[in-house]
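Starting off, we have a lone chain in the form predicted on its own, written out as C-alpha cells.
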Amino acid sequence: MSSTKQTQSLEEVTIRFAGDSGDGMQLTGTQFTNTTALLGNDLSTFPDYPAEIRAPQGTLFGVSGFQIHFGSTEIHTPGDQCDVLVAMNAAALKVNLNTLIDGGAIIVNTDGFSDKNLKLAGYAQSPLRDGSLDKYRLYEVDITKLTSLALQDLNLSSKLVDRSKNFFALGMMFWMYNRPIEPTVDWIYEKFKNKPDIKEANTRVLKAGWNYGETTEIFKVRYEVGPAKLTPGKYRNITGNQATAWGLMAAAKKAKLELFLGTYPITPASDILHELSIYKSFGVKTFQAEDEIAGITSAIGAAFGGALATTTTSGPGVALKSEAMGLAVMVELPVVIVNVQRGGPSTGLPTKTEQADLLQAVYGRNGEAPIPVVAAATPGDCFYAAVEASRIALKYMTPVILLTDGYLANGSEPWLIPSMSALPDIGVPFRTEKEGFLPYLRDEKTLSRPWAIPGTPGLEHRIGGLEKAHLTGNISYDPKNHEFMVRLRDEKIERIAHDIPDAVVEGAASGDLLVVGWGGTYGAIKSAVTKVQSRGLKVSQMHLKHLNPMPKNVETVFKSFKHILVPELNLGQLLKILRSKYLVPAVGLDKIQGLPFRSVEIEAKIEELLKGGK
C-alpha cells in the first residue's frame, strides 16, 4: 500500500496539536519534538496551556495546545501559523482554527464532534458538514474508536483507553512526517516499566496510529524534512526552565560553590525547582519555603553563609519579595532572583506569557535600591543568562535579577551543549585575613565589599536592613553618610557597564531602521528583520541582554539609524527607559494578549515606519 503514496520534501513545517487539557497534547508535542531533535532538525516550540486547571471537558477554556516549527533551515520561532492542525474535539478546532494557514491540513478526531461537544464549543452545526472548512484539507479520523479497537482485548477501563488516544494521533504524525517511533517506544518502556498495562496500551496505540497512516486511503502523501546545517557538536532539546536550572548549576561549579535555591512554587517558574531538586549529588540544595518572602530570605541567608544563592518566581512573587530584595541590596550579598514573567497584574494570566515586569525589575523597590538586570533571549540562552547573572552577582556582591518569561520557560530548541572549560571562571575568594578587615571595605575597581563567611575568626560583623556606615558597616543615621552610601551603591551597579560586552548589531551598522528588543521577542524580531533585509530594506536588529546597566555602545548605535522600533509584550516599558535615558524618538510596538509576537506583526510595523507611518 505504501508504494502507491508519494513522498514530498519540505524545508519547514509547523504542526499544532490541540485538545482538552486531559488529552495529553503537551506530552504528544514533547515526544514529537524530542524525536524531531534526534533527527537533526532545527526547531522551536510553543506549549500553550489552558488558563483554567479544571475547566469543564469539551469547553473552550480547557483547550491545551502545543505548536512545533521544525525544518532543515534555521528556525527562530514556533511559527506564525501552522500548516497542520490536529484537533481532538470541536473546542480545539474552534480555538485554534485561526492559527492555520489557508489550504492547511486539519486532522480531526470525529468522536470529539458529537452533539454535546458541538454545543460546548458553541457550534450551531458541525463545521465538518457546513462547508466552513472547505478552504482547508480536512481529514476525518475516528481516533477514539480506532484506539478502542487496538486495545479491545486488554480489558482496560474506558478511562485508560480514552487517555491513550493521544498516542494514536502521535503515531499518525510520526508516519506523515517520516519520524521513527522507536524513541517514543523506548520512552514508554522506561516511563511505565512498573505499569505493564499502560506500557502495553500506549505502545500498541502508537503503532496502530503509525500503521493507520501507512494503510489508510485518506493520506496520499507523506513528507520528509531533512536535517538542518547546525554547528557541529553534541545537542539536546532543552526548555528555558531546564536551561536556567543547568546554568545555575554550571555557575556554581565554575565558582566552586554550593548552589542553594530557596523558593516557593509558582507558575511558570516551578519547573526550575523540580529540575534542580534532582541534582543533590551535584551539591545542589533546594528548599521549598512556605511563602515567597521565606524563599528569598532563606537565599539571603545562604549567601551570607557562602553559597551561590538563588530564588525563582514570577511577577506576583517578585512583588512579595521586594522588601527582601532591598535587604539584599543593603547587606550587599550575591543572590540571583529569577523572574519567569507571566501575564498580570495580580494573578493575571498564570499560564500565559508577558514582558510586563521590566520596570518592576529596574525600579520596583522602596528607596534607592539599584539591582542589575539580565534577560535571556531564547530557551537555550537561559543557560548563558543564568551564568552571566551569577557572574555579576558574585563579582559585584549584589543581588541580580534574571528575566525570562513563560514563552521561553516552556518553549524548547536544540541546544549545543557547551564544555565547562568554555565557561568563564567566576570564583570569588572569601576574606580570611583579620588584619585590615572592614565589612564594607571596597574593591577599588568593582566597589564590591569583602565576602566574609560567618565564623571566620576576627571577621565578625553586623548586617541588617538599617543604613550602614561607610567601611565599618555600623548602623548610621548620619545624613551625609546616607547620601554617600546611596551614591556608592548606585555607582557600583553603573560600573558593571565596563564589564559587559557591547550590544551586537545584527545587520549593517547603520541604516534606516533599528529594531531593538529584549527577552523572548528575539526570534520573532530576527525572522521579521531577515525577511525585510532579503527585500533590500536597510533594517538591522539589536537585542539587549543587559538591561541595567546597559552596554556602553547603545547610545552610539542609536545615532547611526534614522528610526528605532521597540517591540515588546507590554505597554512600552523598555521604550520608556530608552526615551528617558538616551532621549531618542523611538517608536513602540506593543502586544499584551498573553501570546508571543508573530514575525508578520513586526514585519508589518517595520514596513509602516519605513513608509512614513508613526
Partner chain sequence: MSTRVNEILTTAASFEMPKYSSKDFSSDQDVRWCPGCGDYSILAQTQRVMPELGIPRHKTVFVSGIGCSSRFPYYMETYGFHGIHGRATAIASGLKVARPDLSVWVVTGDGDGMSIGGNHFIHLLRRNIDVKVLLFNNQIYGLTKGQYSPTSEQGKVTKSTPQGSLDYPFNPAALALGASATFVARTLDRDPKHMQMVLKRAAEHKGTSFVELYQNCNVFNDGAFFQFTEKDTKDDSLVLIEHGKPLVFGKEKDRGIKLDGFTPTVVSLKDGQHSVNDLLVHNERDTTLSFILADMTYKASLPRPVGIFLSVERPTYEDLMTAQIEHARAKRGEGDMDKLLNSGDTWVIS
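Residue numbers count along the first chain shown, from 1. Remember, it's a predicted structure, so these values are computed and weren't measured experimentally.
The same protein also has a form predicted together with its partner chain, omitted here; what follows describes it.
S.K.: Does its partner chain come within 4.5 Å of any heavy atom of residue 368 in the model of the complex?
M.R.: Output for residue 368 is no: heavy atoms all beyond 4.5 Å of its partner chain.
S.K.: With heavy atoms only and a cut-off of 4.5 Å, decide whether residue 38 touches its partner chain in the model of the complex.
M.R.: So residue 38 counts as contacting its partner chain.
S.K.: Spell out, yes or no, whether the shortest heavy atom distance between residue 174 and its partner chain in the model of the complex is within 4.5 Å.
M.R.: No, residue 174 stays farther than 4.5 Å from its partner chain in the model of the complex.
S.K.: Taking heavy atoms only, is residue 153 within 4.5 angstroms of its partner chain in the model of the complex?
M.R.: Contact check for residue 153: no, nothing within 4.5 Å of its partner chain in the model of the complex.
S.K.: To test your reading of this chain, name the stretch in 521 to 529, 217 to 225, 204 to 212, 272 to 280 whose heavy atoms come within 4.5 Å of its partner chain in the model of the complex.
M.R.: Heavy-atom contact with the partner occurs in 272 to 280.
S.K.: Only one of 143, 302, 403, 386 gets a heavy atom within 4.5 Å of its partner chain in the model of the complex. Which one?
M.R.: Exactly one listed residue reaches within 4.5 Å, namely 302.
S.K.: I need to confirm a contact call. Of 285, 442, 199, 482, which residue comes within 4.5 Å of its partner chain in the model of the complex, counting heavy atoms only?
M.R.: Checking each option against its partner chain in the model of the complex, the one that comes within 4.5 Å is 285.
S.K.: Do heavy atoms from each of 553, 557 and 585 fall within 4.5 Å of its partner chain in the model of the complex?
M.R.: Negative, none of the three is within 4.5 Å.
S.K.: Using a 4.5 Å cut-off on heavy atoms, what residues in 225 to 264 are near its partner chain in the model of the complex?
M.R.: If the 4.5 Å heavy-atom criterion is applied to its partner chain in the model of the complex, 225 to 264 yields 228, 230, 231, 232, 233, 234, 235, 236, 237, 246, 249, 250, 253, 254, 255, 256, 257, 258, 260.
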